[in-house]
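A single chain comes next, written as structure tokens; it is the form predicted on its own.
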Amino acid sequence: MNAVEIHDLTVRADSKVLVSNVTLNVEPGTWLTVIGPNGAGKTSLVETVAGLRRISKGSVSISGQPIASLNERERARLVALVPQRPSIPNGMNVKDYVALGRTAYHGLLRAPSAGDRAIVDSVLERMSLEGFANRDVATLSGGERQRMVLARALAQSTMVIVLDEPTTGLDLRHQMDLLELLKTEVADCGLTIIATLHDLTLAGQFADRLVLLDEGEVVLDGPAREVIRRDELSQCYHMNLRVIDIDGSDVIVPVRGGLEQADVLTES
């Protein structure tokens, strides 16, 4: 069974089409990153997978269950979302914030069980946040906050996590640290990730599969190393791109030039 199945999906906002006739199947334990220019429909697509947007046509299923037929609590047990701009309440410590990820299991009116608390403690350790457990969320740096938001999603104990630009606002080191943590979760826990990223180099290095979206439609879908070498990538971004192999890792560099000459150049 696929972890995520998207079939003939169309999403509209009033008369505007945000996502158009998208069909994707995502196998368990894989990392799929959606790339594309601003306005391509990336956020709309991942928000629909997480159950935050209404489906106009088609379907989205998580572990075989159509999300349109699930209530919020049922969805939260199947898919977790790390939004681009998470809402973080004031006056809460890190451990209590991460523990919100268990609400789908014990509800709002019941105290967390010993099992819930053990899961939160385990996630804090995996995210290297145990030393921050009693810190006020307002005192955290940007990188620490992002790890905390990811920890809350992991505390939901879902096998699918959706992330919308998880590295926004982070410096290079914290971007790499966060993505490495996610890669470890995929390898060690069989987590399935659907993410959006603007940084094409990071997208190519961490994802197993890239989906290029433009004007709400899938332009390319395939292994990361293949997608970033296709001319369609430059055409969608309307610029020349150069792919440079550095010690086995692909680095995507924008090159000044006329849009009519947009092309992907590859060199080692």
Partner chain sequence: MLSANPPTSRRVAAVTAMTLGGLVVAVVCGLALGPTSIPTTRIIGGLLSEVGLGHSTLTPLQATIVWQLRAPRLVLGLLAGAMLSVAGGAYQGVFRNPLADPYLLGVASGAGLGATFAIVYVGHGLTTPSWTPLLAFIGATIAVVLTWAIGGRGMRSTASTLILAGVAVSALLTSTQTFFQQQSSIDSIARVYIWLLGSLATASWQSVWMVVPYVVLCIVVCVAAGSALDVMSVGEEEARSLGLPVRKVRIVVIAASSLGTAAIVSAVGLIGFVGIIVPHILRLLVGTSYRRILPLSVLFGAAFLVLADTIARTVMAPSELPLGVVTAVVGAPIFVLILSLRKQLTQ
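Numbering follows the first chain given and starts at 1. All of these numbers come straight from a predicted model, not from anything done at the bench.
The protein also exists as the form predicted together with its partner chain; that form is not presented, and the subsequent description refers to it.
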Please tell me whether any heavy atom belonging to residue 173 falls inside 4.5 Å of a heavy atom of its partner chain, as the geometry stands in the predicted complex. no
Going by a heavy atom distance of 4.5 Å, is residue 76 a contact of its partner chain in the predicted complex? yes
Would you classify residue 104 as touching its partner chain in the predicted complex, given a 4.5 Å non-hydrogen atom cut-off? yes
Touches its partner chain in the predicted complex: residue 72 (any heavy atom, 4.5 Å): yes
Interface stretch in the predicted complex with its partner chain - options 175-183, 80-88, 115-123, 194-202, non-hydrogen atom within 4.5 Å: 80-88
Among 157, 141, 93, 128, just one has a heavy atom within 4.5 Å of its partner chain in the predicted complex, namely 93
The listed residue (47, 214, 221, 208) that reaches within 4.5 Å of its partner chain in the predicted complex by any heavy atom is 47
Using a 4.5 Å cut-off on heavy atoms, which residues of 10-30 contact its partner chain in the predicted complex? 14
